[in-house]
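Shown below, as structure tokens, is a lone chain in the form predicted alone; questions about how it binds or moves come after it.
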Amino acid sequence: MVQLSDGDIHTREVLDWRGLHILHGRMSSCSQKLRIFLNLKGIDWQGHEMNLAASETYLDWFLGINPRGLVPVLVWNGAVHIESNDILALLDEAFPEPRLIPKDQAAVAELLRREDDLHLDLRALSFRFVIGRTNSNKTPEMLARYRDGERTVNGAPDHEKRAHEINFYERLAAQGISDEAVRAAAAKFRATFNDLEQRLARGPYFLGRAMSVMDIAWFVYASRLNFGGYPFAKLHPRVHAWRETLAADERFAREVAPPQPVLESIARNHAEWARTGATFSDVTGF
């Protein structure tokens, strides 16, 4: 559980926030996961949406709340919690109905770990086939401020998480998102969805008869990839049917729906990629 200590928090105003506040991004997959979770729990919360396209999470104000520069962040009666899966675990204990993280399922930790491990792969595929961007929106000055700030997590320097972020954006600026990188990321997802396809042969949800946080997490990933052109119906028909069933529930659908300008951009990009042979399936061979 990652709860920041008092000395980690430099934007001190949040210490006075009462109630349950969520700093989140509209197109952040981890934020989408948390918002769906809150919808299913029926929890009241106050939102503070960060503009990710404008790199607002790299501003000093936000880095003073979460030194990792990532959303979502939970501020609950002045206590600051970061890392989405830790936030879900905390809220599931505090609001146990309906229970979404089964205590007797050994698969939960493994599947959440796999989801977290694929986060940067999802980002790469999202940038290429959903947002249609292969260059970095982070300037060298932003990355330097992000890298060099004297920030701590639980009182200790926090280098590993920031290193992953910096490496991603530096590679993006230098190389874009190559076809080779796309194929490597897509292959990881195909292997994971093959496994999830088999799980759905045993019940309507990934852990059996009851919906869980696994369904929320993988619905977000599947929805994002579906917007990018991943051929679910062809490769994973059970996953396709499962995703469509959840997408009929407004509590799920509204949280993963891109803003209208993004939807229009997706349509234009996909039409152009179809014309030039550069769609998701063209590049991956799926």
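Given the structure is predicted, the values throughout are model-derived calculations rather than measurements. Note that residue numbering follows the sequence shown and begins at 1.
One more form of this protein should be noted, the form predicted together with a small molecule, which is absent from this view; the next part is about it.
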**Report entry** Partner contact for G229 in the predicted bound form: the small molecule, 4.5 angstroms, heavy atom
**Finding:** no
Query raised in the report: Is there a heavy atom of Y169 lying 4.5 Å or less from a heavy atom of the small molecule in the predicted bound form?
Result: yes
Query raised in the report: Applying a 4.5 Å heavy atom distance criterion, does V256 contact the small molecule in the predicted bound form?
Result: no
Query raised in the report: Is D116 a contact residue for the small molecule in the predicted bound form, using a 4.5 Å heavy atom cut-off?
Result: yes
Requested in this report: Establish, in the predicted bound form, whether V71, S84 and R123 all lie within 4.5 Å of the small molecule, using non-hydrogen atoms for the distance.
Outcome: yes
Query raised in the report: Going by heavy atoms within 4.5 Å, which of 71-79, 204-212, 88-96, 179-187 lines up against the small molecule in the predicted bound form?
Result: 71-79
**Report entry** Contact residue in the predicted bound form, chosen from Y58, W242, W218, F252 - any heavy atom within 4.5 Å of the small molecule
**Finding:** Y58
Query raised in the report: Just one of L63, L52, L40, L235 has a heavy atom within 4.5 angstroms of the small molecule in the predicted bound form, so which one?
Result: L52
